[in-house]
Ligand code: 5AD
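Okay, so here's just one chain, in structure tokens, the form predicted on its own.
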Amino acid sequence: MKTRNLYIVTYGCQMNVYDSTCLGTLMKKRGWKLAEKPEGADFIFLNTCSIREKAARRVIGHLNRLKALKQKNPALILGVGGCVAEQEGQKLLKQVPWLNLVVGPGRLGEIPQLLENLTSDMPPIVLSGQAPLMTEPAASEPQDHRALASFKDFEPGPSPISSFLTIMTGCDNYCAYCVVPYLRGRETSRPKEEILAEARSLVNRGSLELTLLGQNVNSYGRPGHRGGQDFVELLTEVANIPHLERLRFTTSHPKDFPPALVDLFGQLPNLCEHLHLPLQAGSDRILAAMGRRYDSAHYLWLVSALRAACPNLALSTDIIVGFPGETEQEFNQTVKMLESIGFDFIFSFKYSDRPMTKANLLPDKIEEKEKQRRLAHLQAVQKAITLEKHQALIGQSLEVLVDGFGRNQGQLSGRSRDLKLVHFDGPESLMGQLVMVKILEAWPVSLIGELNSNQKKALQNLN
């Protein structure tokens, strides 16, 4: 039987990366091979993001470019999954009539079975809706693709050195600008034992670092969720898995950050000194209009408590500029928050209308030119803050998990415990290891270093 090739393209958040990994595992279980290029693939799948208008447009552009490949190979199956698929559904077929498969994020686990009989000349299939269906006829109860692909069905062999692990899906917050709750549904926590089993499997197969994922991980295990335990208890149990060197989690909502979770940053040795804590805006009026349910004073108090528990904690955040009705004064309040807190880096975006959201119906929309001006100013301020923080690291040695190659020949790269990107010269044999790197140069997006003297001696002894 001819080997069938699968090519997956992933857009958006870490949860999409995790979902694509699970789908690839299920497909390999059924005899498919992951391809490195779209040419020659029998099935091309785009796992998409719709949180911003620009992200959705990129997906449509990619599908348009794939039309030529489809014309050359009429037998090619072309599919779209994730949030764009859930949002557009049947409408996506009108924009891209050469599609064969449109699958929402809660139903990716059905794809392997569908492909057993699906051919390119059949009518397109559209699956949306939040309820996941079982993908194995012998399963005792319905399970989603995460449960099926996570720890039971992984093929023998090494896992990534740094792995994502989704612990819950959906969101109950319904922020005014965000479409995620309408596309991924209400919050659902995975059972704790299932998460722990997957985490142990990943660590036993080589992962030194795990990142626990959810739209709002802090609300894991709330009453009514399947998980049954709170996030502090889960995080502590994962941290106690033998040989797990690093533990991270994202994303956290500032309104759901109990003192016990703050304290963990000073208690768990393998909990990394980095936290992503979305702010979105510095104006209390805008925060209220966004439906964030905290004010700037609460956010500043939380940052102070976190830094008291972990003085060297690196903070990153999300910022939206140009929310409907945002005045120049309110934008400046956001800039002042950046300067006051001193984030290590930020993810910043212009507000864009999203279907189904409350903000989509608000008046007083900000002109595109003005949103762009504000974004450029915000990013310039943050660039200077990040560079100053990076320059302060010159001469220090950071622990780096080597997971890639730098731009230059013979250069390796990896992340420090506080998520700084570090490039340095070293042999490929260090891939997948924790090494100490002395910082020599600082740039706004990365650091340049060299193996420190002790690390060099240890390497020489091995040779």
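For clarity, every value in this text was computed on a predicted model and none was experimentally measured. Start at 1 and count along the sequence shown; that's the residue number.
Another form exists, predicted together with the named molecule; not displayed. Remarks below refer to it.
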Go through Arg248, Arg354, His390, Arg107 and name the one with a heavy atom inside 4.5 Å of the named molecule in the predicted complex.
Arg354
The listed residue (Met168, Ala199, Cys178, Val102) that reaches within 4.5 Å of the named molecule in the predicted complex by any heavy atom is Cys178
Which of 34-42, 405-413, 50-58, 420-428 lies within 4.5 Å of the named molecule in the predicted complex, heavy atoms considered? The stretch 50-58
Just checking whether Ser207 would be counted as a contact of the named molecule in the predicted complex - the rule being heavy atoms within 4.5 angstroms.
no
Answer yes if any heavy atom of His298 is within 4.5 Å of a heavy atom of the named molecule in the predicted complex; otherwise answer no.
no
Taking heavy atoms and a 4.5 Å cut-off, does Lys192 contact the named molecule in the predicted complex?
no
Contact label in the predicted complex: Phe257 to the named molecule, heavy atom within 4.5 Å:
no
